[in-house]
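Heads up, the chain below is alone and in the form predicted alone; it's given as structure tokens.
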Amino acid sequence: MIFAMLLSAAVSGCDHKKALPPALTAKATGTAIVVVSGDKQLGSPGSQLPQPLILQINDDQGNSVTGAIVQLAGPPGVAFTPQQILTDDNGQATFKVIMGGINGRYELTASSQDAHGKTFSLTIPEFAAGYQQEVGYEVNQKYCSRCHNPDSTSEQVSNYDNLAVKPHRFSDGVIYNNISETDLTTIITHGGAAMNRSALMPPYGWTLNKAEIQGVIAYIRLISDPPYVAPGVVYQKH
């Protein structure tokens, strides 16, 4: 009798561990997913992103929808809390994202369904930076973003609007993906005029050391949109 009770308890315990959370039931549906905040963040491999990812479900008129299911998926190694959720009273869904253990670009996919059961989705890039890319990010924050980022913040006022020749965002892959690392090094070290580009780009060869310049280039490659593909490297699609 005691053995039977212990066996029953063990089986129940196993069943309890394997039990899945109850499936969510949508109370409403929308037609589009938009990012409120938390996309294109820079984090460390294997760590939680600094800010939550907040998404919103809208209907055809652009109004937020309460009670719609939002599901988040991503490459192996990325974790989410939760994986799916109902939008709140503001039509928003909030996720905590833990990056994979390898530095690089991670493309997450948020999805939901419309009133006809058709899935609609949105791809959201996030970045896990290695040491070199973190160095580049710090240099960017100190020297580069005040001109290359047109958006002013409470911490830094952009100088973008005061420049006659507008610098490109570092994420502008259409421009930077076509500039070799040698040429980028020359531009950063000796200024834009050295490569027949804008003379408003000053030389930083006396300000930054070689590792910092290489870090800036690594950071540019990391956040590039479209993603940067190194020449001569074959990438396998999964």
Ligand code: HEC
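So that there is no doubt, residue numbering starts at 1 and follows the sequence shown. These numbers were taken from a predicted model, which means no experiment stands behind them. Take the two forms, find the largest set of C-alpha atoms that superpose within 1.5 Å, and that set is the rigid core.
The protein also exists as the form predicted in complex with heme C (HEC); that form is not presented, and the subsequent description refers to it.
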Next item on the list: Go through 72-80, 111-119, 88-96, 144-152 and give me the stretch that gets within 4.5 Å of heme C (HEC) in the model of the complex, heavy atoms only.
Entry: 144-152
Next item on the list: Please pick, from 33, 68, 201, 49, the one residue with any non-hydrogen atom lying within 4.5 angstroms of heme C (HEC) in the model of the complex.
Entry: 201
Notebook entry, point to check: Which of these residues, 28, 54, 42, 187, gets a heavy atom within 4.5 Å of heme C (HEC) in the model of the complex?
Noted result: 187
Next item on the list: For the three residues 210, 222 and 230, verify that every one has a non-hydrogen atom within 4.5 Å of heme C (HEC) in the model of the complex; reply yes or no.
Entry: no
Item checked: Partner proximity in the model of the complex: residue 179 to heme C (HEC), non-hydrogen atom cutoff 4.5 Å -> yes
Next item on the list: Find out whether any non-hydrogen atom of residue 128 is located within 4.5 angstroms of heme C (HEC) in the model of the complex, and reply yes or no.
Entry: no
Notebook entry, point to check: Just to confirm, residue 159 within 4.5 Å of heme C (HEC) in the model of the complex by heavy atoms?
Noted result: yes
Checklist line | residue 163 within 4.5 Å of heme C (HEC) in the model of the complex, heavy atoms | finding: yes
Next item on the list: Would you say whether residue 167 is displaced between the shown form and the other one, judging by a C-alpha shift of 2 Å or more on the superposed rigid core?
Entry: yes
